[in-house]
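One chain follows as structure tokens, the form predicted alone.
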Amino acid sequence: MAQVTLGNSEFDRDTAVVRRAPGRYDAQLSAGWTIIRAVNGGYLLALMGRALGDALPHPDPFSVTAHYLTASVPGPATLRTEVVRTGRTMSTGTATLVQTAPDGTEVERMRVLASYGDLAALRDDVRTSAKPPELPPYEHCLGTDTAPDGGSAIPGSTAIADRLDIRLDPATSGWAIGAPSGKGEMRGWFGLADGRDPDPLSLLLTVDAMPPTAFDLGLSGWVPTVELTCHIRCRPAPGPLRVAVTTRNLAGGFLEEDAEVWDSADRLVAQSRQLARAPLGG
């Protein structure tokens, strides 16, 4: 039996998994990363990434795709991994997360397909037209302690908000005072509340931890993820991250969210796209 963890921050403790046998890990889904009653999808992705990083011979997630089948709840969970292929520079594996229902039946919550490699071994040439989001200084952006009238910049009482240090660009936070822009944009500074520096694993959380762009479209309520694909492009430098998320099309009760994550060295360190169900509220 071996515990797989990388540090002693709250994020590391709550994403720790215990290897019971080859390809099988036990985990405890923390209530600290919930939205309403469901466990956040980015936190779950990082948890799965932890197990896959132990099961595969390469250390870093390159591309991770998750399908969320049913909402995960705080409590015990079992993760099962399978090595699909190993090569010299990359390896591929799958993982599933299951929980036991009150009637004793096993319920699969999510399924992941991931490719891992070594970010430190990548070439340092960069040719890009992408640019970091333009944000006001951190101190001029809105956090949960600076929202109007002392309210929260994230509506509702969500445990995950206490574990994150998010400062939203005022231009994309009008929804917090009932004046959404209608553009479907969310931008801001991002970090973990305990000051833990970002790494490839925590980036899997970051891409799914900002308030939903649906809020900027004038909608409210839970926005459950159906599918999420994340690309980790390089190991992030220490310091706060900048995150920009956009939605261009809400139709048929579903919307996409495209996210970019930039580090303190102005490098694009993660990209993601997810399909989510639009909330019913308006």
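Remember, it's a predicted structure, so these values are computed and weren't measured experimentally. In case it trips you up, residue 1 is the first one in the sequence shown, and so on.
FYI, the form predicted together with another copy of the chain isn't displayed, but the following is about it.
Heavy atoms within 4.5 Å of another copy of the chain in the predicted bound form belong, among the stretches 43 to 51, 235 to 243, 251 to 259, 28 to 36, to residues of 251 to 259. At the 4.5 Å threshold, heavy atoms of Val223 stay clear of another copy of the chain in the predicted bound form, well away from it.
Contact check for Val18: no non-hydrogen atom falls within 4.5 Å of another copy of the chain in the predicted bound form.
Another copy of the chain is not drawn, but in the predicted bound form it has a heavy atom within 4.5 Å of Val126.
Heavy atoms of Gln274 reach within 4.5 Å of another copy of the chain in the predicted bound form, making it an interface residue.
Residue in contact with another copy of the chain in the predicted bound form (any heavy atom within 4.5 Å), chosen from Asp162, Asp194, Asp197, Glu82: Glu82. Note on the partner interface in the predicted bound form: the residue among Ile177, Leu113, Ala171, Val73 having a heavy atom within 4.5 angstroms of another copy of the chain is Leu113.
In the predicted bound form, the residues of 38 to 73 lying within 4.5 Å of another copy of the chain by at least one heavy atom are, in order, Phe62, Ser63, Thr65, His67, Leu69, Thr70.
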